[in-house]
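Have a look below at one chain only, the form predicted on its own, in structure tokens format.
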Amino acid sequence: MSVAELKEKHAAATETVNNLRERLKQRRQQLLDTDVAGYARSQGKSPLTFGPTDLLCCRTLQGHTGKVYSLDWTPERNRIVSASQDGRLIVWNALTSQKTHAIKLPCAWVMTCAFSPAGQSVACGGLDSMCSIFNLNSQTDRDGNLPVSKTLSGHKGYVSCCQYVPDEDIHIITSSGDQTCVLWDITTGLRTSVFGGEFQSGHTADVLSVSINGSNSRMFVSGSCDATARLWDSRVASRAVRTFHGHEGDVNTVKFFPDGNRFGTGSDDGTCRLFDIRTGHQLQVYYQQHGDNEVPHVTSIAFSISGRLLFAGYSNGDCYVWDTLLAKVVLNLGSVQNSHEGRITCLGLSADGSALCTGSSDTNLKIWAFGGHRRVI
């Protein structure tokens, strides 16, 4: 068969796939007779009233000299770890703004960081394709640097995200540009399971984000540049439990809903979406119309402790607070006093739900706390 014939067959196959994809999309729309917001309105639910004094910037954490790429809270809520383009991890006391650790990394190109459940260790990964573990109680070397206590090596592409398995300090899940996710045993430094890769139900492009189900730590969800999110059972690495379609761009961020039955996504297509893991259905799209043709990418998301609020960071510096029930923006932290001066790169909620931390390309982190009569939503 000639090259021209092969190209012709490939073009025909691509067209068939695109037609089938469009038909599937239309069929899904026909089956979904309503969404969360439509049902809530039909039941007479009223939107949240939310003002600029209900979520206030109470602290700005300054110390990084490069863009902040990632952050994570400890379970006891008073410490934050952040990773930056300056090649450092900084551990902060969120109550006093003081730095407790400044860790110089062996590879400066860091993309992600995470606190262990016990709060004694931090993990990070990036363009070196490895996940490095640091024990915060270790002695520093002669130069004052904290040594790497364990290196998890095996990915064939950059490490985009890492998250410890809840209530365990010995297992961590990473996602990578090699199209896989890996469950690691930190004690041995070995891979326990590889999700994707040669398996057909795996992602077909870089995996950018993972989120572990807080209600069932065996289940986790991943988001990828193939515009899908996939649900995995850590006991069955050979195939994804379910694949979720709907986005039209890279899925940059995924996060489980507090009840563990749903999860949210954020994408380069400018939308956040809510999916049900039991039915596989898309429940809601969160999209704010912009006047210009530029659609800002969603870079990071988090849910409030009740799930009524969705915090979403965007590449244009906006940080929307969505009412998840009625799909309405109730506040934009990007337009209030003391907001960031660059794109929102990461955000996360404290374990008790009382504070939000945002990180930005302006090199700073900001802690936002509920004010007035609001404490936790």
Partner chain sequence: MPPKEAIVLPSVENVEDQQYSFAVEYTGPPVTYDLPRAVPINVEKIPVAAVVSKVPLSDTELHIPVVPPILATDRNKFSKELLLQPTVSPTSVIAFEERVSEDTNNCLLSGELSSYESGELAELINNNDSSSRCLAACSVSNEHSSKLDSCDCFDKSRGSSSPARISNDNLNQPDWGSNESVLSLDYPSSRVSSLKIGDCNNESNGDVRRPQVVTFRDIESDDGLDEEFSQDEVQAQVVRVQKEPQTKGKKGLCYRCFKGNRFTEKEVCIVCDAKYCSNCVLRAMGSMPEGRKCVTCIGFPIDESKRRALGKCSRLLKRLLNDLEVRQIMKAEKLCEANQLPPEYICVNGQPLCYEELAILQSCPNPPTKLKPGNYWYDKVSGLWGKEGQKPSKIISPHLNVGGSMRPDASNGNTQVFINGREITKVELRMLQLAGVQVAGNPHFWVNEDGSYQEEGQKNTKGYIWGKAGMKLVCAVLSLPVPSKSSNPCGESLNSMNSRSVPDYLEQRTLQKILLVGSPGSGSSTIFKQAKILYKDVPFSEDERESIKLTIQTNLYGYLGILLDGRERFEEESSAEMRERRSSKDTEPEAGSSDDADSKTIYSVGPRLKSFSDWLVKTMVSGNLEAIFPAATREYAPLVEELWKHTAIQETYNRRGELEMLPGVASYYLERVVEILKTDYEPSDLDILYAEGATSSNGLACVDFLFPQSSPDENIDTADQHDSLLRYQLIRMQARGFGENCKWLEMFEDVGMVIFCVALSNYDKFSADGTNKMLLSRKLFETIVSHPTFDQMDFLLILNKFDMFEEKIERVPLTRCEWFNDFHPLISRYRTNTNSNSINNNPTLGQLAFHYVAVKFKRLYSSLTGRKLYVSHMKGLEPNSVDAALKFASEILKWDEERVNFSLSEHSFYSTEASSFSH
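Residue numbers count along the first chain shown, from 1. Predicted model only: the values in this text are computed from it and were never measured.
Not on display, but discussed next: the form predicted together with its partner chain.
With the partner removed from view, the residue among R343, R59, R308, R41 that has a non-hydrogen atom within 4.5 Å of its partner chain in the predicted bound form turns out to be R343. Exactly one listed residue, out of V148, L231, C225, V165, brings a non-hydrogen atom to within 4.5 Å of its partner chain in the predicted bound form: C225.
With respect to its partner chain in the predicted bound form, the three residues H171, N261 and D276 uniformly fall beyond 4.5 angstroms at the level of their nearest heavy atom. The closest heavy atom approach of T243 to its partner chain in the predicted bound form falls outside 4.5 Å.
Within this chain, K328 is remote from the site of its partner chain in the predicted bound form, having no heavy atom within 4.5 Å. By the criterion of a heavy atom within 4.5 Å, T192 is excluded from the residues contacting its partner chain in the predicted bound form. Proximity of V122 to its partner chain in the predicted bound form: non-hydrogen atoms within 4.5 Å are absent; the residue sits far from the partner. Only one listed stretch (113 to 121, 204 to 212, 232 to 240, 276 to 284) carries heavy atoms within 4.5 Å of its partner chain in the predicted bound form, and that stretch is 204 to 212. Heavy atoms closer than or equal to 4.5 Å to its partner chain in the predicted bound form belong, across 63 to 86, to the residues T65, K67, Y69, Q85, D86, ordered by sequence position.
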